[in-house]
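Here you get one chain, nothing else, as structure tokens; it is the form predicted alone.
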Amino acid sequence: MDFSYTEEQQDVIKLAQQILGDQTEPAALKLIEEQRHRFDEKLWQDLAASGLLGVALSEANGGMAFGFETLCLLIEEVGRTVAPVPVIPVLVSALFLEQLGGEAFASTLADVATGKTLLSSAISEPGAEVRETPTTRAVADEEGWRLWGTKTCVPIAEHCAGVLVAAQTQGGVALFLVDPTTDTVTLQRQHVTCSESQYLMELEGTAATLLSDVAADVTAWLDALTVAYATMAVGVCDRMMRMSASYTSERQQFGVPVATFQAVGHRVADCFIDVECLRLVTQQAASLIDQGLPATDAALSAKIWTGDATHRVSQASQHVHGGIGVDRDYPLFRYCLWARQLELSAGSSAEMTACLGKRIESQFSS
């Protein structure tokens, strides 16, 4: 498989690095973190003005039509800067709204590309694993579909025009779009590790628009979100690893840089191995999704690596930094918090390993 980037992808990376790098200095991030919502609206509008919010959308909807794989490159750069912008919930949701909703949502998608409208996805339920059949119910009546159930950790739900929700129907699991601002939706702010705005969302007979009742579409949506979180973890872990290498090259003990100590060098080298392995499995999964090929096994593998790599790289980075690693005036703590958040987002390594094991067992037993 050829993992080299196209010229367009290289341009997207450079543009993202320029915009994100200019506005994610520690002082700027600290100001955003003091606000109620961890959302830099100016940075979001700058990304919109550059066209990056529409990187995966079709040209008809104001996008660049570069697809999911290129979107992941933008997400990786957001992870590398821990920029306070909701690229995963908004842009992945928009991509699937375009794929499944078609022209009916053209105006909404155009507003996403220009930064006027936000979307999100709800994939978690209380006490349930992400890949389990949802307990949220969908019932059809004379007026359409209505949903009952509870979703947890729904990003930026209070600010969204729509949330993609999986629910159980009589015919199986289907994907719906709901308006979180209606009277039949109750939102409660939740406190999460990375300080992102996430909500408990209760649906009580909420009107919903059916996007797809095909199981493969729901699975593809989950796979894309899973890989998006893994991609962000690549950026977070890569930055932690490089920050550790830089610090240990400058910090001296007994008159020499601590990077020259064999134990320290080995810890940072192990981080490099973890980051590159995570990058490769994630790129493979993103490539499969981009081509419309079955990607569930690859997505699960990427998330397994995400949970393990984020934990090991974060721990090693704190170890080689010593006490300064937890100082909130030093940037490493933000990456460690996001590493922990990404470790569990869309399912833990243990959960994904069990799911992958069941899939392998079913393939051999069939």
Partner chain sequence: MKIEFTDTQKALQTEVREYMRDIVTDDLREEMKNPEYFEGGGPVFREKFARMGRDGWIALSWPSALGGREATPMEQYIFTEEVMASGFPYPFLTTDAVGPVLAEHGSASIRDEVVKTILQGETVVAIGYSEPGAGTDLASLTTRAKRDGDDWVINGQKMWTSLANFADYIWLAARTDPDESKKHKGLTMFLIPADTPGFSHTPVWTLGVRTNATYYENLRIPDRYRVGEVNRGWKLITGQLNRERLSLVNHGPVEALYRRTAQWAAETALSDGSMLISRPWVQHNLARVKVGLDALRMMCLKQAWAMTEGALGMAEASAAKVYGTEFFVELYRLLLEIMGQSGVICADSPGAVLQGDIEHRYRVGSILTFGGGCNEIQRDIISAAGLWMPRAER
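Positions refer to the first chain, counted from 1. Remember, predicted model here, so these are calculated numbers, not experimental data.
The same protein has a further form, the form predicted together with the partner chain, not shown here; the description that follows concerns it.
Annotated contacts: 80, 116 and 168 are all free of the partner chain in the predicted complex [non-hydrogen atom within 4.5 angstroms]. The shortest heavy atom separation between residue 210 and the partner chain in the predicted complex exceeds 4.5 Å. Contact check for residue 205: every heavy atom lies farther than 4.5 Å from the partner chain in the predicted complex. Using a 4.5 angstroms threshold between heavy atoms, residue 301 counts as touching the partner chain in the predicted complex.
The partner chain is not shown here, but in the predicted complex it comes within 4.5 Å of a heavy atom of residue 281.
In short, of 131-139, 228-236, 271-279, 101-109 it is 271-279 that has heavy atoms within 4.5 Å of the partner chain in the predicted complex. Residues 241, 242, 245, 248, 249, 257 are the ones in 240-257 with at least one heavy atom within 4.5 Å of the partner chain in the predicted complex, listed in sequence order.
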